[in-house]
Every structure is written in structure tokens, then in C-alpha cells.
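In the C-alpha cells that follow, a single protein chain appears in two forms: structure 1, then structure 2.
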Structure 1
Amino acid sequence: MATAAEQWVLVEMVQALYEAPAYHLILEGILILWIIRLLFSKTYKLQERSDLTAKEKEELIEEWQPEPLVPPITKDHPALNYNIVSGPPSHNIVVNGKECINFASFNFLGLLDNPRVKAAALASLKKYGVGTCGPRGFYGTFDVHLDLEDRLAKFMKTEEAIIYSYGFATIASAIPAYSKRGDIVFVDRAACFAIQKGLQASRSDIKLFKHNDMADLERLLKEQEIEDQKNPRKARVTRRFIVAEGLYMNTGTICPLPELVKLKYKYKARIFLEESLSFGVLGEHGRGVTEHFGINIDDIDLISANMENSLASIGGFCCGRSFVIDHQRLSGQGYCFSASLPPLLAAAAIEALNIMEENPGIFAVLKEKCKRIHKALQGISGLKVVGEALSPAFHLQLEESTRSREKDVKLLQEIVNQCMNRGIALTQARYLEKEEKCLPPPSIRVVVTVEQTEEELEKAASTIKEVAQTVLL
């Protein structure tokens, strides 16, 4: 039955075909042909065009002109021509051929040309030579390194210390050893460049709080707490750190450590402290900002400092509990992948520590001198003193900026140059203007050391005063 019906349909169709008008058939034929063409032609012609031929590629390669490796530097760039120091950069310094009293090097305790330090370094040089020819892991660990780590840990009253061969690399390696992608770091806006680089290497989320403003920090911590409550799963694995400096390099101010510690426990964030300026300066025994505020050092998770200021050697160290510090021995990049500290520099640091331990009075003397010059420098027309009275490194900034950084820098440089002509060696605080997260205003950095006598401090203050008056008025 079914086949009969189909046949009938077929016959009908053929009949319809015969009956259809010619124009209709032609139209349909064309339509069919067009459909076939559509079916067999390539759908996207765009694709074909984007495939470059070898010749086109060659042309592109030929055409490409890279930027020069470095942009040209003008001959009078303020940072191009360095001061040249002939001889040792100690208390009396010869800068560009002029004899000056040094108010620029961070030689706070005057240990740079201390004969005992030199003798210890010399003895080490005669035993070990200069270089270590290897990283700590591969026969680059010397008995002197172990001694120094031990001594630093004991001095700071912590469980363990670890030394780096470069001050800058210390905090810059320590931060990324703990803080990873996804972790959150709360950091002071005035934090120094080494901290900024460490944070960048860690790839963590960075939250900047206003300089020394604990209310602002608490606001950020609270915001984070609310965020954490929304996503408790993520919060359980997100580490939180607060990074601060003991004595800020860029501002000369002390961090409010007691408040920081309170916030630490309230919001469960670990504290990392950079103490390059405060180590060997603050506190009765020079243990830094924890001693200054009488804070239990175990409340601070990690303290980092360089040995290039008070200790007048080279390198840096971190100290804290073994649980924290030991991790850097495998994860601190600047520790694992760099040659270790030359033993003579470690020996010099040990001797410098000895001197610090034997003469705790030295820190009170330094503080006294800081206060004296700080007071003497008040009230200079056109210049303001920025920084705390007990900070041995503080800044002189223009009271009124000319609104152009370039001009400000020139004015300050003129003051520095004239002071230098009159026997006071000073320097501007240098920054990489494009790289700094929060660029501090231009300033002259004045450094106080225990070697400067009262007369020299007076002379420096009066010289700066006079020069500032001639330059700025």
C-alpha cells in the first residue's frame, strides 16, 4: 500500500514539472545552483587573509624598529656626576677634593675607622682571604658566619638570626619568602625602596596606609575583616602581614610600635619590621625600636636590618623565632642564590657588636647629639626639619616648594654644594622618581654620628643656616 501511494506522489511531481512555466524552472535551477555554490565555497574568507605569507612576515620583521636599549641621558642630569670621595668615608672626608666633616654617611657609631674593627677584619683577611667563592649551601658557610649569626641572635635576644651578603637584598628577599600571591600586606606609605621591591617580588595584594596613621591602618584591617567574613574559606588561607620600619629612612620618624602590636593581635596579622636605621641606634643597648618601646621582641614576627649603618660593615640580617627565620635558609632568594658574605666583613661586624656591647653608653651620647643639632636647626627661614629629635638621620625640606621638583632639587643642591665648600659634607636624599610608590619631597639628609663634637655640630648648624639664607632669600 505504502509503495503505491509513494509512486502516486512521484507521478504527480513529474506531472507538475511538465506543467510548470519555463521561467519558473529556470529560476529554480538558478536557485539550486546557487545553493550548491554556497555549500561548497569557503565560509570565512577572513581566516585566509590573516595567515601571513613568509614574505609578509619577513617584511614585518624588516619593518620593526625597536626603541633604543636606554634613552639618552643629558650631560647635566643631576644624578649622573657622582661626588668623588678620596680616601676613607669616615668622620673627616675628602669630597671632590674638599676636606669636610661628614654629615652624610650612616656611620652613626663611628665604627668605620675603628682600629679594633680594622684589626679584626685584617686578622680574618689573613686567615680566609677575601671572597667565599660560593653560596652558603656549597662550601660558602664559614665558621665566622655561624659566629655572627649566633652573636646577632644573642644581641637581639631572639632564637635565630640569618645573614645576607647585601643590605638591600635582606628585606627584599625576606618578604617574598613568606608572603605569596593572594596574601595581603599592609604597608606604610613611607616604606623604603627595599620593602617596595620585596612586596613587588611577592606578588601579594598590597594595601598602603597613611604614614604612621594607625586609624587608617585599622580602617584597612577592618575592611579586610568584613571582606573575610564574606568569604571565610578564602580567609582561612590568606596570610596577613603588616610591614613597617623602625625608624623611617624617608621621614626620620619612629613607628608607633605598641599600637602596631595591639592591631597585630586584634586582626591576626604578622608584623615584619625593617630596622636598618634603628638597629644600633634606638634603645638603651641599641637593640632598636622594640627596646625603645619596651616591647617583647617575640611579639614581632621578623626583624630585618642591614649591617651597613651602625655596624659600618656590609650585608644584612633577619632575626626572630627559628620557626620563622629558618624558612629563609631554603626560601630566601638572596640567601640561597648568592655568594655568602666575605668573612672579613662578617668579622668586622662581630667586632662592631663587641664594641656596642662593651659601651652601651654610646647610644645615649648619640641621642644627645641628635637632640642638640635638631634643636640648633630649628627656625631656619625657608627650611624645615623633618624627623624625630632622636633620629640620627633626618631631613631638611623646603618650607615652600617652588612647585617644580626640578627647581627644588636644584635649590637644595646649591645649599649642599655651598656647605661642602665650607667644610660640611651633606647630601640630598636620592630617589628613583619614577619607581617610588609614594615619592617623598626632595630633601637634604643630615646624619649625626657620635664622632661629631659639639663644636662641629654647632658649626654645621650655623653653616646650614647661613647658606640657606643666602640661597633661599
Structure 2
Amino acid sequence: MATAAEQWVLVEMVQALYEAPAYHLILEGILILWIIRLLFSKTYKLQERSDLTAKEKEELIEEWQPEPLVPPITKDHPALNYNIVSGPPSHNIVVNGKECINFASFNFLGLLDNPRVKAAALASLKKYGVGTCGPRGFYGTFDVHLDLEDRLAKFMKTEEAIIYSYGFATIASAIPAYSKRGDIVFVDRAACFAIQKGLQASRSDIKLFKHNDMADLERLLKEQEIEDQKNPRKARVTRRFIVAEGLYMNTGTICPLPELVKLKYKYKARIFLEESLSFGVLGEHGRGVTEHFGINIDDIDLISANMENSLASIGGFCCGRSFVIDHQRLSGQGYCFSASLPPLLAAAAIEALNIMEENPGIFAVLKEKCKRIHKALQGISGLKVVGEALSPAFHLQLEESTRSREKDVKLLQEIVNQCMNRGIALTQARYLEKEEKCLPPPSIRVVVTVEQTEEELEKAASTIKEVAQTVLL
């Protein structure tokens, strides 16, 4: 029976072969021939070997020129000719052996050289030593770290806080801890470099909106809403974030937070707020832009700030709801893999917080001084003031560019140098020009602190005006 069945199958195959169209038979024949060729041909061809003499090899080696490891840099590049500071960069600073009034360091509240802060740091140094030599998860968590996190959470009126040992790494680690490939981040074009690096590490889909332009942001949100309607299954698993700064480092302007919060709820997005400039500056008690606008802090999903400005320490922190913050302890790269904050700097930050809470009037003093110098610098021939009157860090830009960034930088540096010769320490804002997403124009950054007297503010304004007239006219 088996033999008869096999013969019947063979007959059916022959019959099907006769009935098949001609083009079908040709195609099958070509495929069979191609398979046979693949089976019997070599998968690669060996290049014909050409033996070189020793002399020819030496000549080829001498002629070969490797690509440069880095692009050529001139010896007069600013990064290679930095100013050297002797002593603490507090109210008065000694730069290259010359004493000046400091309008360059972000010591907004004057706590860098405060005796109480230094005493707290010294006591911690004697108790714990200099460093930690380990990340938080590997014997790098000290009781003073937990104390600082608790104090920051209570000060900001949030459930929990987490501290990082490096200010730049704070927001750069926080963003990729939540936003992943496939998620969408709406970010201001003027966002600082730390935010840019966090976005790059997240590998998310980035959508830039015009600086502080809520209409442009809503346009992008609407476009995304339309895209989501086309693919609701994908939209359900795609997270949307809005990233902004309280006070923008690159512009000195304040974000329109009330409008951002409205858009957050309208389009179901999350808000990350970077407050390195606004923390310890804005608000009646220095809690930042949320207190300044009277926004409920629970409306903000994550707040980050560094401790290197108002607190005059090192590192940074994030605060928010406990389940949000705890996630960073598991996936915040700067937290998980960097040695933890030296205890002496944590103790210094705690004491700085004590002073801020004991002297809430210090924020009003800083605000008045910011307004005073901002007004005094108006009307400088050839320069324009960029930034809010309440920002302690703002910019002076050329009214008319020379259309050459290099020439603009040299003109502004000449103003900085002449001001320093007259006892006023300023600095240019520096950028990694080839890596900035939206490179800001060259500028001189002016920083205001509570320690500067009215006379010193007037002296700085008049000096800048006189030097600008000399250099630019």
C-alpha cells in the first residue's frame, strides 16, 4: 500500500508540473540554480597578495599621516589662559594677584566665606574625614547625607529629596532616569547645557519650542495630540515631559510657570523644573519659582537644583513625591555610580539652610540690589542688558554684532580685561560651541550678591559704561 501511495504522489507532482504556468517554472529553475551556486561558491574572495619589499614598507609608513586626535587649538584660547584665584572667591576676590570686587561668582547669598558655614564644615571634617570613597549604595551613605535630604525636603515642602555630589550631573542624571527611548520631551530652546546632556542620554524624541513662547509650546503639544490620535495604542505607552528652568542660565529670564502648569494638565504632560539659579533667590523664603508665582509645588513633577550657588557648597538635589525620588536611587546615574558628597560639604549646606531660614529678609535684599544694578546698566552705548531685573545673574550683549563670533568675543573680553584692571571682576559666559544645541550669542555675565554695597554697585555700573564707550566707540 505504501508503494502505491508514493507512486500516486509522484504522479500528482508530475501532473502539477505540466499544469504550472511557464513563468512559474522559469522562476523555480532560476531559484534552484541560485541555490546551487551559493552552495558551491566561496563566501568571500581573498584579495590577491602583493608582497612589498622592506624599503617599500618603510616608505609607506613614512608617508602615512594619522588623523589628529583633537582639532588644532591656538595658544591664546580662553580655556588655556584662565585667571588664577588666590583665596576665597567671596565679596572681594584676588585674581592674578589683583584684588577686585567680585561680580563673577554665583555666591548670591554671600555664604561662601560665612564663619558659621566654615565652622560646620570644619567640625564635619574632623568627624568624618575629607571624602567618602564610595557611592551611596556602597558604604557612601553617611548620616549627614540623610539629614541634608530631610532638611531640603522640609524646606521645599515636598515629600522627599535626593542629593548628588556634582551639580551638573543632577538634572543630567534625573532626565534619563525617567524619560526613555520613545518618550517625548518638550524643551525650551534656551535650556542650559546640563539639560541638553540629560536629553541626549535619554535618547527620547526632543521637540524644541521658542524661548518662553507658550503659544509655540502649545502648537507642538497640539501636533503631538493629533499624532497620538492616529496611533492610540502607541500613545498609551508614550510619556510626555516639559522641561524648563526657573531662571534661565543662558538668558537670565524667568519661565512663565503658571502657563506651563495649565498646559501640563491640558495635554497630560509632566513638568521637570531646573531651579539652580532660582533656588535661594526667588520667593519670599527662597524656595524658587514655585513660591514666586504661588504655584502648588505638587503641580511640579520634579524639581532639581544645584547647591553650588545660593548654598555655597557643591553638588545638587532633586525633590518631589517619594515614589518619584526613590526611582532615582535605583536609576540616577550620577547618584548610583559617583562617590557621594563629602560630609563636610553636606554639613556646610545644612548650615547654609539654617541661615536662609533664620534670615528670610536676605532674599528681599538680594532682589533690591539686582533691580538697582539692572537699572544702572541701562542705556550703555553698544551694549544691551539681557535678563530679568530680579535675576542675580544676567548678561550684557553687543547691540550690534560684528557678524563674526570670534570678533565679538574679543571685544567683550577686552571690556572684561579693562574692568578687571579697574578693580571689577567680570567674566564672559562660556559655551562648548560645537555641542550646544542652540548656541547663545557671546555675552558678559554679571552676578549680583547680597554682600555688594550700593557704592560698589554704582562703581561697577559706571566702570562698565566707561570701558564700553572706550572699547566699542
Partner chain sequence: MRPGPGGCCCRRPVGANGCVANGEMRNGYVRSSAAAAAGQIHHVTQNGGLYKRPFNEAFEETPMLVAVLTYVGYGVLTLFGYLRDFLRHWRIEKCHHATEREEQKDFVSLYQDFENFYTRNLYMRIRDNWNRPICSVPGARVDIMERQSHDYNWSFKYTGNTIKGVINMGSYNYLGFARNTGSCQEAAARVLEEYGVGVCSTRQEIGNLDKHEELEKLVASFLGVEAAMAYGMGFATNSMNIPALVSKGCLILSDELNHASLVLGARLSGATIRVFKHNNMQSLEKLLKDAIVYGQPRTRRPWKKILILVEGIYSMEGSIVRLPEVIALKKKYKAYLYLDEAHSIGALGPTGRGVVDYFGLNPEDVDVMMGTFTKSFGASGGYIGGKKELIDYLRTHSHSAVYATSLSPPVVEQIITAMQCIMGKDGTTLGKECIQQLAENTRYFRRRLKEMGFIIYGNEDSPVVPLMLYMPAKIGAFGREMLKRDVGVVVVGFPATPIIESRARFCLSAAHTKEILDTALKEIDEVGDLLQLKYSRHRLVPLLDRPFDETTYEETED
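The shown structure was predicted, so the numbers you read here are calculated from the model rather than taken from an experiment. Here, a residue number simply tells you its place in the sequence of structure 1, counted from 1. Throughout, rigid core stands for the largest set of C-alpha atoms superposing within 1.5 Å between the two forms.
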item: Structure that is the form predicted together with its partner chain (1 or 2); value: 1
item: Core-aligned C-alpha movement of residue 430 between the two structures reaching 2 Å; value: no
item: Threshold 2 Å Cα movement between the two structures for residue 28, core superposed; value: yes
item: Residue 439 C-alpha relocation of at least 2 Å between the two structures, rigid core basis; value: no
item: Following rigid core superposition, Cα shift of residue 62 between the two structures in Å; value: 11.1
